[in-house]
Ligand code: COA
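The form predicted alone is given below as one chain in structure tokens.
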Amino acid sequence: MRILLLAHSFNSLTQRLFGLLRQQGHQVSVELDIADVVTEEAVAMFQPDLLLAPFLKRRIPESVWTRTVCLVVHPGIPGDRGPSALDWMMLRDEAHWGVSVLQAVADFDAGEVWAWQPFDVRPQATKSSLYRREVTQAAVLAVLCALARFVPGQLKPAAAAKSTPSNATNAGQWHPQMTQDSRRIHWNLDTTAAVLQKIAAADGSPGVLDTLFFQPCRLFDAHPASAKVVSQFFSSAPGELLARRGPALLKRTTDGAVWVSHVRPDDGIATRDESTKLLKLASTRVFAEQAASLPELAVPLMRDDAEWDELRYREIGPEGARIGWLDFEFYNGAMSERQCIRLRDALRWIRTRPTQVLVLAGGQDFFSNGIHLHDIEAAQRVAGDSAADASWRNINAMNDVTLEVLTLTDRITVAALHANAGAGGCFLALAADLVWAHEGVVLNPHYKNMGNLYGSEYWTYSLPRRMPEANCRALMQERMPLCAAQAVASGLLDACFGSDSATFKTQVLERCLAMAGTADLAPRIMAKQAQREHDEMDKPLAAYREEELTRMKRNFYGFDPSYHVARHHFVFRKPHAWTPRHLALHRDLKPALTPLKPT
């Protein structure tokens, strides 16, 4: 079929559907929801059999949905209506939820349900994490079911949809946009579980309005403190700030404490002045001066599950056939200079450990997305610093991490992608000997979308090891997302297995334990070392780095401001003025068609 994806932005769900539908043989094009007239023009140009809206914030124009089948993905069970579906669901503490695919009509979420797919709500998950994992997986299944009911030339589906769920207690009800009044934390009353639930239901956007150090700000990404940590502050009062760790500040609750890793200052004043807009950043960066007086509660890499930190390392298996497992759970997959240095130092320490296989597991919601654009943007407001200087430091720190992986030649390294990866995060993964992912992972192995960045992380060494030069060039120029199965077919990944993150993790562990115990592991490691020595003689890694950074320096310091403009638009979520041409394939079609007119 010809399917037009209409979306507010090209987000993770839209990318997943884009790749999957193309993989199934459909002709798919994308139009960002900029204005009604633009949508009408796109439909007239592409003449789709069906319009699919995975992520919208506005109504589809009546001139479109009355003539073309328009299916909207809603993150709620049949009967649930409104823009804060997941937020309300999480505050109601639902154990089961679902995704509906409904036909667009005049009212929001009021059309006929073509398909819906239930899912279990993962305990203690944040809204953004649920969206990227359970909601996305359920949406894919529901969309495929809805497409199976499509009849060419008809506006109605072929057969009845799955029956309404028995737990649809809110059927037919409209739930409004959730306000901060519903999210408010009452530190003198709320338990740790209640505080975590409120912050989790607002994670990603809009955050929970609160105060730290008497300054209004929005809280994001909270984690429970261990009983051991709480016991150190037994006499402290609820709401009191107690300590710091990595990006996070520790705040007391009525029965424990929570680590709050990210905040966005909020003075409550709407402004159009770009110089005064505020960024979401690590809590200890936003309140660096105030936090300096708090005790720092550092923890070792190898520790108990209950103790939260961004990095965690453990070892599994018998002596002589042991694997190391390194998690680096960086918020939204962004890696600041500080985080890169921590990861680099962790890898240097891991070199001393007696393991045969090292698993680089990244994070559960993102493997990595490369350099930290929010941190870089914030550098512009620091006296004596600049975005160009911060970019330069950050990319060099990313390169140092990648170099540690490339030169770890006394064991086999496996990059296990439990979640999506983009830009430098992809090429950090490609530094490993083996790169695996599950079928729900989407990769964006390119840099050009960020103002024509050339890219580094030794990609000019790692990528040609996996595919011919012409394929490398096409991959970097086309800027298209790749589903895991497509990435395996292209040679970018070595294997794709497991339907979800949990299944994948179990199978990765089994495969790596088996690998660590095989008789041919030692010869395999020797062959790896010989290949690295040969490659170094042919062209040193330092030469690849120098060539890449020469190009990157022009991006950061040169006369072309494209990177700085693109970064600024990205971190402040500026509305799109047009759909990128590499996504809007219909705009390259030759026939000039007459736009639709309202009926």
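Note that the structure is a prediction, hence the values are computed from the model and not measured. We number the residues from 1 along the sequence you see.
Omitted here: the form predicted in complex with coenzyme A (COA). The next part is about that form.
Shown alone here, residue 423 lies within 4.5 Å of coenzyme A (COA) in the model of the complex, counting heavy atoms only. In the model of the complex, no heavy atom of residue 246 sits within 4.5 Å of coenzyme A (COA). Coenzyme A (COA) in the model of the complex is not approached by residue 534, whose heavy atoms all lie more than 4.5 angstroms from it. Although the partner is absent here, residue 175 sits far enough away that none of its heavy atoms falls within 4.5 Å of coenzyme A (COA) in the model of the complex.
Of the candidate stretches 327-335, 383-391, 114-122, 432-440, only 327-335 has residues whose heavy atoms lie within 4.5 Å of coenzyme A (COA) in the model of the complex.
This chain is drawn without coenzyme A (COA); in the model of the complex, the residue among 86, 512, 415, 453 with a heavy atom within 4.5 Å of it is 453. Only one of the listed residues (447, 367, 259, 459) places a non-hydrogen atom within 4.5 angstroms of coenzyme A (COA) in the model of the complex, and that residue is 447. Along 551-576, these residues reach a heavy atom to within 4.5 Å of coenzyme A (COA) in the model of the complex: 570, 573.
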